[in-house]
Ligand SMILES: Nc1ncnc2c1ncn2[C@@H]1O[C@H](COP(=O)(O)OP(=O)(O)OP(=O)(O)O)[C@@H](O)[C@H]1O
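Take a look at this one chain, the form predicted on its own, written out in structure tokens.
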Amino acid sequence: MPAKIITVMSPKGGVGKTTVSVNIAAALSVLGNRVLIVDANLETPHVAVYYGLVGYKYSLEDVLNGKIGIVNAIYKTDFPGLSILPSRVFKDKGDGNAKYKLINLFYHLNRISEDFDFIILDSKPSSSVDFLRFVKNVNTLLVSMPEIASIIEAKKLDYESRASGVNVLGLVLNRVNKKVKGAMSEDEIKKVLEIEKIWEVPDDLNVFEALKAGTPIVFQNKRSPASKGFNEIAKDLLSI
């Protein structure tokens, strides 16, 4: 059976989209799944940093530019069941051409899809779903913070996704702090958005300690509030 592909998207940077991507991928692997996380943010890729992966030779840019096959750019992490297809943090000559070929990513993923249960794509912050528009049966998770400007931008991305035939699985509210004045409640957000499923990940300083250590929070501190939030999302994704 081919892998379920989930693209994690946000309409703007700074909402913790990559944090959500790497920890959902990690949580799914803990549940016994074979998971590949792909850093499809070719402009500011940081997925490898979250896993402490350094010194890798090949990257997604090499795959998109036709230099190597996709299997040569996939690396197993130190965590069972979890692999990564990184983008290059410090670009080589010619890497800039890869962004124009991102639409071909799904052709490459189809070649290894049977090897995984889930493929998680960390996309660039964008209000556009252009690179998903022509992909059949694609799923997305939207990421936002619980403040009005971020929610309005998420609404735009949700509308464009649905208009393009993209299946929106739900919204991840990241860094939720009930004590912050001006933060929107889940009920208030549902009045703005037409998204039925909303998950909350609490604001948690442990996430930053995990990033410094190059380990997803769900591995480093399983009892932390954020870990519990990510694990709940992963469990729900098994049945969606």
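For clarity, every value in this text was computed on a predicted model and none was experimentally measured. Just count from 1 along the sequence shown to find any residue number.
What comes next is about the form predicted together with the named molecule, which is not displayed.
- When contacts are judged by a 4.5 Å heavy atom cut-off, Asp203 counts as touching the named molecule in the predicted bound form.
- Although the partner is absent here, Ala213 lies well away from the named molecule in the predicted bound form, with no heavy atom inside 4.5 Å.
- None of the heavy atoms of Gly229 is located within 4.5 Å of the named molecule in the predicted bound form.
- Taking non-hydrogen atoms only, Thr44 approaches the named molecule to within 4.5 angstroms in the predicted bound form.
- Residues placing heavy atoms within 4.5 Å of the named molecule in the predicted bound form fall in a single listed stretch, namely 174-182, out of 28-36, 55-63, 174-182, 189-197.
- Contact annotation for the candidate site: Thr7, Phe106 and Gly170 all lie away from the named molecule in the predicted bound form (no heavy atom within 4.5 Å).
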